[in-house]
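Read the single chain below, which is given as structure tokens and is the form predicted on its own.
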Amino acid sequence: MAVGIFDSGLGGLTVWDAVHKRLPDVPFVYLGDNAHAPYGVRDADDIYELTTAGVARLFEAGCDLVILACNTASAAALRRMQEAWVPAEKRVLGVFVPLIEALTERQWGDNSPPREVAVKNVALFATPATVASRAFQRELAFRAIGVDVEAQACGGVVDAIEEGDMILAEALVRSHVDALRRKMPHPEAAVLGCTHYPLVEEVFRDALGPEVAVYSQPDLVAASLADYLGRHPDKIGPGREAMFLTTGEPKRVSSRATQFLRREIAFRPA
């Protein structure tokens, strides 16, 4: 009854933590492609090949449903995977849609035409590849009109987090927020479009100020997944063992993961 969670590295652990708390009886198989992180500076074909390889490994582990807990993979690879690669009996879902549904106050499955929503000026903080894909704007346009999105490519933040250099990560976040404000001085909402960013969410909130509503993904994805599994219980796969897999060096990755989540996390080779 396993469900897979895939990320380019450690950021997806923020999603794992939220879904594990929401669905404690579901064994989750987490795969971090740490050997190839970060994805945010790679081209679309490279991201597609790496993502399909990771998802295939999760299928092998008994997961019929895989969550791409990586905005870059969701932006650059998901649509192509769903159209031409994912087997009919499997499902691969991304992390953008729950976020946009919350931002636009639309319920799951609301397929009505796009309409005007309360928020008009949105700041998007994401990796360079996610920004370049314009996937967020495309998904938003399916649901809302009249929303101005200003995207800020946050180069270096994921690298700093993966290396455990939180001082550098904080400095980079503040620099990127300053750059965004030069383009959009008064955003109403800010979207943290990378699952690494909840690890520095308080820095984003402090830099943006209390007047900006900050949308972060883990809890939104957890609620959406709980709803999806409630409607599609057949998508819980046959695997029964919860585990953490990595393409990187397990001891080092385990140490970083334990540091981030403040609980012991033991990775094994993928």
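Note that residue numbering follows the sequence shown and begins at 1. From a predicted model like this one, the values you see are computed outputs, not experimental measurements.
The form predicted in complex with a small molecule exists for this protein as well; it is not shown, and the discussion that follows is about that form.
A heavy atom within 4.5 Å of the small molecule in the predicted bound form is found for one listed residue only; from Cys194, Val177, Leu99, Ala169, this is Cys194. Note that among 53 to 61, 203 to 211, 32 to 40, 241 to 249, the stretch whose heavy atoms approach the small molecule to within 4.5 Å in the predicted bound form is 32 to 40. Mapping the unseen interface onto this chain, Ala77 falls outside it, with no heavy atom inside 4.5 Å of the small molecule in the predicted bound form.
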